[in-house]
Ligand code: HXC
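First, one chain by itself in C-alpha cells, the form predicted alone.
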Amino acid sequence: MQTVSDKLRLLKEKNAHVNLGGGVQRLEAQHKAGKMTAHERLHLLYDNGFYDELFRFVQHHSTSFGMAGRDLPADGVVTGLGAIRGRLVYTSSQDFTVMGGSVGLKHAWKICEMMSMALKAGAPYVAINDSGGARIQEGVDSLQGYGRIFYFNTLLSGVVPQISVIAGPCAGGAAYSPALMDFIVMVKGTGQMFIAGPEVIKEATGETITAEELGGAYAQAAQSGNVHFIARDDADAIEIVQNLLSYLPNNNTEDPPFHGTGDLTMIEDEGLNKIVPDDPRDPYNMMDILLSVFDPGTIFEVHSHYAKNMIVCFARMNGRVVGVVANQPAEKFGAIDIDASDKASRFIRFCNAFNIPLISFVDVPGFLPGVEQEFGGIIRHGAKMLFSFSAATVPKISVVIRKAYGGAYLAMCAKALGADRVAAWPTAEIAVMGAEGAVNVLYRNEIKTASDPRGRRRELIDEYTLQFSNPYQAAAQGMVDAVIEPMKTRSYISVALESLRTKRDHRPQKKHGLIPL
C-alpha cells in the first residue's frame, strides 16, 4: 500500500518527466535552433512566469503504427491559463520536442478544451504553434482532431479574441487554424507556414523555391498578408502578444481596456496646418498626422508589411482604444487596391465585433485602375469595405484630409455609409472624380475648339475645383458636419468620441449579412 509520501514522490517524478518534454537532447536541440521550449514560452507570456497547467498527464490512446505503449509527455502540447497584465488568458503551446509537436486526437482534444474554457469564461485565447503537422501514425484520428480545432476556432470567432504565434513549422492543414484566428504573429527565421512545401510544389508545378521564401515571416506578411506581425525571436513575439492584448477587450460584451482619467486633452499641433503639400499630386506620410492626433506612444500598427497604401492600427484617444483606417498617400498615392480592401475590411469587422470605435482618415484618389485589378476582382474586394463599414455599429468618425473621390471616398466611411461624424480639412477635395478628369469628360469639345486649348483647360479645371472640389459643397449638402482647421483635429475627434460613447444602432434582425467574399 502506497503511503502519502510515496504518492507525493510519484507526483514529483511524473511532473519532472513531463517538464522535460521529449528529453534533454531534444530540449537542447530546440535551443540550438534558436527556439524556446513550450514551457519557457508560457513562463515568459504570463505575469511572473506563473500559469496553471491543465491536462498535463493526458496521453494518446492510439495503438496503430507502433504507437502502442509509446510515452508522449502531455501528448506534445502544454495547455493552461493565467494572468497577462492582470487579465485572464487561456493558452496552448505545442511542444516540438515531443514527436515534433504533431497533432493527434488527444493533442487536439486538449487544445479544444482550452478554447471551450476560454469561450465559457469570456477570456482571450492564445495558441503557440510549433508542430510538424498531423500525426500520421494516428491516421484519420488526427484529421478528426484538426477538424474539431477549426470548429472551435469558428465558435470563438467574434466572441473572444484569438491570437496565434507561429514559432516553428505550421504546414498543411495545420495552417488553417491560425488563418481562422484574429491575429497571427510569426517569428522570423524559425516560423514557417504554408499548405504545400517546396518539394510538393516542385513535384506538382516544377517551380523551385526555398521554405523561407515560400512560408517565412516576410513572405507571409508582405506577399500573402496572412501574418499580421513579424517578431525577431520568441521573446519579441511574446511581447507583441502582450501589447496587442492591452488594446483588446476580454470578449465581445466588454469595452476595451481604458487607460486614462476621463479628462479630454485638447492638444493643438500647429504642424498639422502645414503637412498637406500645396500641389495635390505630391505625396506625404499619413502616419505623421496619426502620430500628432492620438495619445503619444499608443499607435500599434497591424499588417504593416502588407498593402502599405492602407494603414490600419490601434491607438488611444484620451486613454480610450480606437481602430484607425487611413489611406497612405506615400504608397500608390493612397489608391485602394484588392489587397488594401481586404486588409481594411478584416480590421473593420474585428473592431466592430469587439466594440472598438472606428476612425477614418481619408485621402484617396480612387480604386486602383488596371486590367490586373479588374480581373482580380477589385469590384468584389472593394465591396467588402463598403459592406464592412455599412454593417459596423460602433461609433464611426471620418476626417477628410485631401482627395475624396468617387466610390473610394464612400468606401472610407462617408456619411452615406453611416458615419456618425464627418469632418473635413479646408484642403479636402470631395467630388465624383478629380477636377482634371471631370473637365476632360465634361468639356472635351469646348477644349478642342478653343483658340488656346491648354489655357482654356486650365481655366475650366480651376473653375471646377472652386465650385465642386472643396469641402464646403459637401458641407452645404450635410455630407460633412464641420470644416475644421487641421490643428484642431484631435479636439474634434475627442469631443465626437465622448458624445458617441452611448451610441445605439438598431439593425433589422437576421442571421448575418452576406459579405461579398
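Source: prediction; values computed, not measured. Numbers follow the displayed sequence, beginning with 1.
The form predicted in complex with the named molecule is left out here; the points below concern that form.
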| property | result |
| --- | --- |
| Location of the named molecule contact in the model of the complex, chosen stretch of 361 to 369, 164 to 172, 230 to 238, 344 to 352 [non-hydrogen atom, 4.5 Å] | 164 to 172 |
| Contact assignment for the named molecule in the model of the complex, among S116, Q137, S304, Q373, heavy atom within 4.5 Å | Q137 |
| Position in contact with the named molecule when the complex is considered in the model of the complex, options H43, H61, R456, R70, heavy atoms within 4.5 Å | R70 |
| G323, heavy atom within 4.5 angstroms of the named molecule in the model of the complex | no |
| F96, heavy atom within 4.5 angstroms of the named molecule in the model of the complex | yes |
| W109 within 4.5 Å of the named molecule in the model of the complex, heavy atoms | no |
| Residue contact check: Y247 to the named molecule in the model of the complex, 4.5 Å heavy atom | no |
| All of G260, I267 and G319 within 4.5 Å of the named molecule in the model of the complex, heavy atom check | no |
| Residues within stretch 129 to 155 having a non-hydrogen atom within 4.5 Å of the named molecule in the model of the complex | G132, G133, A134, R135, I136, Q137, L143, Y146, F150 |
